[in-house]
Each structure stands twice: as C-alpha cells, then as structure tokens.
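Heads up, the chain below is alone and in the form predicted on its own; it's given as structure tokens.
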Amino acid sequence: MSLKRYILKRILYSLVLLFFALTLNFVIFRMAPGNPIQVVASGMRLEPEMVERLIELWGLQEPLHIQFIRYLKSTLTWDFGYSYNSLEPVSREIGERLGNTLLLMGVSLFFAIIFGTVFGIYAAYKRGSLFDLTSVTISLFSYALPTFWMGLLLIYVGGYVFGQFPLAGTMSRPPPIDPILKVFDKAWHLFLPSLTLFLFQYGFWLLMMRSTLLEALHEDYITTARAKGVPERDVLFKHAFRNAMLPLVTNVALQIPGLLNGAILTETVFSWRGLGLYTWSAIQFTDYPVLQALFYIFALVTIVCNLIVDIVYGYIDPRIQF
C-alpha cells in the first residue's frame, strides 16, 4: 500500500468515526434523564409563557430528525448555541476557558515528559539498582492513584498544613493590577493542579522509557556497537535512545485524550476555570448545548490525535510504502 493511499484511508476512516461520534453525542443526551427546561424554569422562576418561548427558541418542539440536522449544521460550524444555564453563547464561554485548560495540560505534560524520560533512562541504565527499584515503585504508585485523590491530598498538604498555596481558583480575588504580578499569581494558583496532573502522567513516561530503552539495549546492533569499542555513553544515547524515542513521540498524541479526562477531575477539585470545571457544571445543570459541545471537542481531539499517530507511523514504518 502506498503512503498516500494509506493516509487517505485513515482520513476517511476518521471522518466516518467523527460522524458516528456526532450521532452518539446527539442521541445520548436526548435519552439522558432530566429535563433542562424544568431546571432553567425552576432556577429562574419563569412563567409558563416564557418556558414555551424558550422551547420554541431552542427548537425543542421540533421532530428529532429536524433537531439532528440543525445540530449537525451548527456543530460543524462551531455554533454551539446558548447555554441553558447562563443563557450565554457556548462558543464564547468555551473560548474563555480553553486557554486555562491548555495551560494546565501543557505545563503538566511538558514536565512529565522531561522528568519521566530522564529518570526512565537512568533507571534503565541502572537496572536492578536501588534507584531503579525505587523509581519503578513510585511510578506505579503515582500512576495508579486517582487524580481527584491526589488533588485533595495536595490541597490538604499545600493549603492547610503548610498554607503556602491557594485552595481553589485560577486567580486571586481581586486580581493583581500589575501584569507581572498577574503572571506570578496565575503560576501560584497553577502549581498544585499542574503538580496533580504531573504525578498522574510522570509514572507512565518513566515506565515507558525504561521499558523501551531496556528492549533496545538488548538488540544486536547494540551488541555490535559495544564489540567495536563504542563508549557506553554513546551506546546509550546515540544508538539505544534514538530508537527508543519512536514510541515516545507517538505516545504524546495518544496521551492527550487521557489527559483531558484527568483535567476534568483536577479542575473540579481545584475549581480551576477551564473546560473540565465547565463540563462538571454542565452535568449538574443538565446543560445539553454545553455538554454536546464539550463532548464533541473531546471526541474530535481524540480522533485527530489518533489520526496524527497513524500518519506518523505511516512515515516511520517502511512496510506501508512501496
């Protein structure tokens, strides 16, 4: 199979998968228990005439197939309608929170990859040592712990025991006026939630790098390099590590969807104003437009990340090309 044909096939498969995700996203919220109109009406104490007006405005009186067509058109054009809870445009509210989620995920993922890779290399190099045993034990422990439990533990230790970090929020209230102080204040609030996601990911990267590097160190070309008198440092970094990097690169994209799921719990625990906290709030208020928009974005991110991995493998694996 040629590379172009392989990529085209993966793109078509991703588009079909996206359509099924959109369909499931529409159906599952229509079947979910709870009436969003009743939630809005009871919360705002609306008159029956106003409730009927809202039903007409949101098109909930129309047949399901008409609602589905309108849903597809609006979703694919990133017009997610209005929130049942705040009555604000969903796209605007997502835009206001997206930066905070990307910041939280980006910082935690960056440091998890750096520290996990470095300590994974050293653990593989010192296989069987006390450092190796300790690193593997801590990695398995941190990777197995639920993110919400780690978040609550860090809040207790950092916020109550030592009292050096805020217990919740994204910025102080009122926020600092000076731009430099704003940056430090944001970093101060970011520390504990990013540390939570860091601990959640760190073990995975250490264990993966250790495993792939140990496998590479037992290959025939490593034995040949050592027989030729190549220094052990060059054997480790110039030969084994370069080949062990391939799974690392492809797993970066695969870890992003899982990181999004961890961000939902972490942002909720720390009241971090991002998409995760927004998702939890929408679940509480049965906010269909918000939930449909967020789950569409999460599904789209997952599909795109898997497509990127498939394309990268297409370039790496020579069997796909002529």
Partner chain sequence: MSRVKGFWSVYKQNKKGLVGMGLIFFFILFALLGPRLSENHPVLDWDVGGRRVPPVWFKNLPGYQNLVPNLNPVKDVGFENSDELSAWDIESSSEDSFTFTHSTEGYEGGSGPGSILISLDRETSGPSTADIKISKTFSWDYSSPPKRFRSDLSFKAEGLEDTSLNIRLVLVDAKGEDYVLWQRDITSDTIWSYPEYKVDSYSIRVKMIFPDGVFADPARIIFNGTGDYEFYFRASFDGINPESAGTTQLYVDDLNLELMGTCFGLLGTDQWGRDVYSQLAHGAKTSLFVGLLSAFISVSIGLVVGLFAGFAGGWVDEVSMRFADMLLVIPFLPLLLILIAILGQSVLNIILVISLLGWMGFSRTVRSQVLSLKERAFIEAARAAGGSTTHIAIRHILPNIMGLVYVSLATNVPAAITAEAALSFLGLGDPSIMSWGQMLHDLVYYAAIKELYWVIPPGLCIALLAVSFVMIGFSLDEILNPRLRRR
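Model, not experiment: these values are computed from the prediction. Numbering follows the first chain given and starts at 1.
The same protein has a further form, the form predicted together with its partner chain, not shown here; the description that follows concerns it.
Q: Tell me, out of Phe115, Trp188, Trp149, Trp78, which residue has a non-hydrogen atom within 4.5 angstroms of its partner chain in the predicted bound form.
A: Of the candidates Phe115, Trp188, Trp149, Trp78, Trp149 is the one lying within 4.5 Å of its partner chain in the predicted bound form.
Q: Only one of Phe110, Phe184, Tyr156, Phe131 comes within 4.5 Å of its partner chain in the predicted bound form by heavy atoms, so just point that one out.
A: Answer to the contact question: Tyr156.
Q: For the interface check, one of 191-199, 134-142, 97-105, 79-87 should have non-hydrogen atoms within 4.5 Å of its partner chain in the predicted bound form; which one?
A: Residues of 134-142 come within 4.5 Å of the partner.
Q: For Phe162, is any heavy atom within 4.5 Å of its partner chain in the predicted bound form, or not?
A: Flag for Phe162 set to no.
Q: Would Trp280 count as touching its partner chain in the predicted bound form under a 4.5 Å heavy atom rule?
A: Trp280 belongs to the contact set for its partner chain.
Q: Although its partner chain is absent from this view, report whether Asn261 comes within 4.5 Å of it in the predicted bound form, heavy atoms only.
A: Residue-level check for Asn261: yes, a contact with its partner chain.
Q: Contact between Tyr313 and its partner chain in the predicted bound form at 4.5 Å, heavy atoms?
A: Tyr313 lies outside the contact set for its partner chain.
Q: So which bits of 261-277 sit within 4.5 Å of its partner chain in the predicted bound form, heavy atoms only?
A: Heavy-atom contacts to its partner chain in the predicted bound form: Asn261, Ile264, Leu265, Thr268, Val269.
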